[in-house]
Structures are given as C-alpha cells and as structure tokens.
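Below sits a lone chain in structure tokens, taken as the form predicted on its own.
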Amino acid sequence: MFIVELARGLWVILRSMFEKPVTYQYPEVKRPVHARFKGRHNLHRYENGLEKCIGCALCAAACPSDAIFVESAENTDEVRYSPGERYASTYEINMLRCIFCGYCEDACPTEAIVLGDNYELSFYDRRSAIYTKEMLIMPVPEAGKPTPQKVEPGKFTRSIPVMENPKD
C-alpha cells in the first residue's frame, strides 16, 4: 500500500515537471481577462466625438453603494457636449465604494458607461480614488471632433438615439 501511494506521488511530481508554468511576468505581461470581466469604468463617445452620457443620473440611482455622482447642465447648439438636452458637467465615481456590480452599466439608456477590462486600480490617498469625468472618458475618435462642439440648430432633437437590441 505504501509503495502504491509513493509511486502515485512521484508520478504527480514527474508530470508537473513538464507542464508549462502559469506565472505571468506582471506588469510586462498582463493576464487576459474573461469577456464578462467588470473592471474600471469607461465613459464612451459617439463616432462624431460627442459624449454618450446625457447626464440623466440613472447610473447614480441604480448604484447600490452610492459611488456615482452626476451633475448635469444644459446643452446649446453653440456649446454641445452630447446629443441630448443635457450633458454630465460633473461625473465622479468613488472607486473605494464601487463594488463593480454593473448596475450602472445596465441602467444607462445610451450605453455611455461600460465596465472595461482595466484591473489596475491603485491609490495613494482617498482623494485619488475618486475618478472624474476627464479620467473616465474615452479619447476622441479619429473622425470626431472634441467637445464642446458647435452644431447647426435643430440637428440633435433626440436625447436618446435609436439603438439596436443588446447582443450579449
């Protein structure tokens, strides 16, 4: 009986000697995440550069840990940030409170806030754990213009554009 257990243990050791190691040389090599991973938030833009966030604060209302603060302001045709009547003039997420549940992502009518795949969150103090709109918003696409934009009057009449059904 002892010999059988000893041979089984030696077999496990011998087999693991030829397996590929699973160590990642972080931060040079980042570990791939799953498709449904919920990491740091991103605020998305349309292709023309306008922000998708319309300042409705549904994400803040859906957040169970009260981590999101949204303050909205009015858009005009001379100073336009989003296609709707309003835009988020202040958008902050307290990452110390966030539990990465994704309810904010589900509540957003314009799919502006998306939990991305960035898992590198580190802070030196509590103030730096509050992510502002400038930290969260995606860069302007190549075909787009930065916000605020001046648009022709009557071009944007809907606050929520026509959207397709979710694919996931």
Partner chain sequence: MTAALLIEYIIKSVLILLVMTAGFAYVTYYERKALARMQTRIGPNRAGPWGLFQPVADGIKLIFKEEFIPAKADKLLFLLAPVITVIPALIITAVVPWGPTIEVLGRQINLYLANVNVAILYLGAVASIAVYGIVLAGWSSNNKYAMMGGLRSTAQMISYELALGLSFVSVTLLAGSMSLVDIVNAQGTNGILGWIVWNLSQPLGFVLFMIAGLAETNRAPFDLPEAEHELTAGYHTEYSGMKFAMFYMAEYIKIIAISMIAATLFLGGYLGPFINQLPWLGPIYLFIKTLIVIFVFIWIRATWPRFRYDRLMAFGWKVLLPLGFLNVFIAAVVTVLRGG
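Just so we're on the same page, rigid core means the largest C-alpha set that superposes within 1.5 Å between forms. Numbering follows the first chain given and starts at 1. Fair warning: this is a prediction, and the values are worked out from it, not measured in the lab.
From this point on, the text means the form predicted in complex with its partner chain, which you will not see here.
- Its partner chain is not drawn, but in the predicted bound form it has a heavy atom within 4.5 Å of Glu19.
- A residue is said to contact a partner when one of its heavy atoms sits within 4.5 Å of a partner heavy atom; Glu28 meets this definition for its partner chain in the predicted bound form.
- Residue contact with its partner chain in the predicted bound form: Thr157 places no heavy atom within 4.5 Å of it.
- Using a 4.5 Å cutoff between non-hydrogen atoms, Pro146 does not count as a contact of its partner chain in the predicted bound form.
- Comparing the forms between the shown form and the other one on their rigid core, the Cα displacement of Glu19 reaches 2 Å or more.
- The Cα shift for Pro153 between the shown form and the other one, taken after rigid core superposition, is smaller than 2 angstroms.
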